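A single chain, nothing else alongside it, follows as structure tokens in the form predicted alone.
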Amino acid sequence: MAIPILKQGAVLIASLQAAPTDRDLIQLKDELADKIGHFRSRIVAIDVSALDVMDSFATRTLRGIAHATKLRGANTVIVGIQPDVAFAMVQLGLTLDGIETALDLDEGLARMRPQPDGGTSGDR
């Protein structure tokens, strides 16, 4: 099942609706890389609020997507990590170091909006 990617201005929003397969995540990575260039997007928001499990492959792939999008000139925020998923990730040693996270999509987009000094709220 393909993961839908919505374009909202300079923002791409990917919403994981159900537990994605490894193939779904790889396809998401490829599509986001293409769409960032095509739409000249500056922000990528990945909503994982519907997930009740995030395994090591999903975590590693999301981290890879965030780093690849940075190299393409966009910033990534991962939003909606559920409390049980966060606790499980900590216990398993799965991290999203260096990647912006937020409780929900609104907060994530607010953090990524450019500030008058040229940075983002997430830079602080």
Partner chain sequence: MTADATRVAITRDGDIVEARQKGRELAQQIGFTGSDLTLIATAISEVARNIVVYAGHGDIDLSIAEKNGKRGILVVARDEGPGIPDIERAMRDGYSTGNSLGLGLPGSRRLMDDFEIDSAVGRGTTVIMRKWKA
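Source: prediction; values computed, not measured. Residue numbers count along the first chain shown, from 1.
In what follows, reference is made to the form predicted together with the partner chain, a form of this protein that is not presented.
> Report yes if all three of K7, D34 and E100 come within 4.5 Å of the partner chain in the predicted bound form by some heavy atom, otherwise no.
Looking in the predicted bound form, the three residues K7, D34 and E100 all stay beyond 4.5 Å of the partner chain (heavy atoms).
> Are any of the heavy atoms in A19 no more than 4.5 Å from a heavy atom of the partner chain in the predicted bound form?
Yes, A19 lies within 4.5 Å of the partner chain in the predicted bound form.
> Report yes if any heavy atom of V53 sits within 4.5 Å of a heavy atom of the partner chain in the predicted bound form; otherwise report no.
Because a heavy atom of V53 falls inside 4.5 Å of the partner chain in the predicted bound form, the answer is yes.
> If we define contact as a non-hydrogen atom of the residue within 4.5 angstroms of the partner, is R23 a contact of the partner chain in the predicted bound form?
Judged by the heavy-atom cut-off of 4.5 Å, R23 is in contact with the partner chain in the predicted bound form.
> Examine K70 and determine whether its closest non-hydrogen atom to the partner chain in the predicted bound form is within 4.5 angstroms.
Contact check for K70: no, nothing within 4.5 Å of the partner chain in the predicted bound form.
> Quick check on this chain: which one of L96, V85, L28, V48 has a heavy atom within 4.5 Å of the partner chain in the predicted bound form?
Answer to the contact question: V85.
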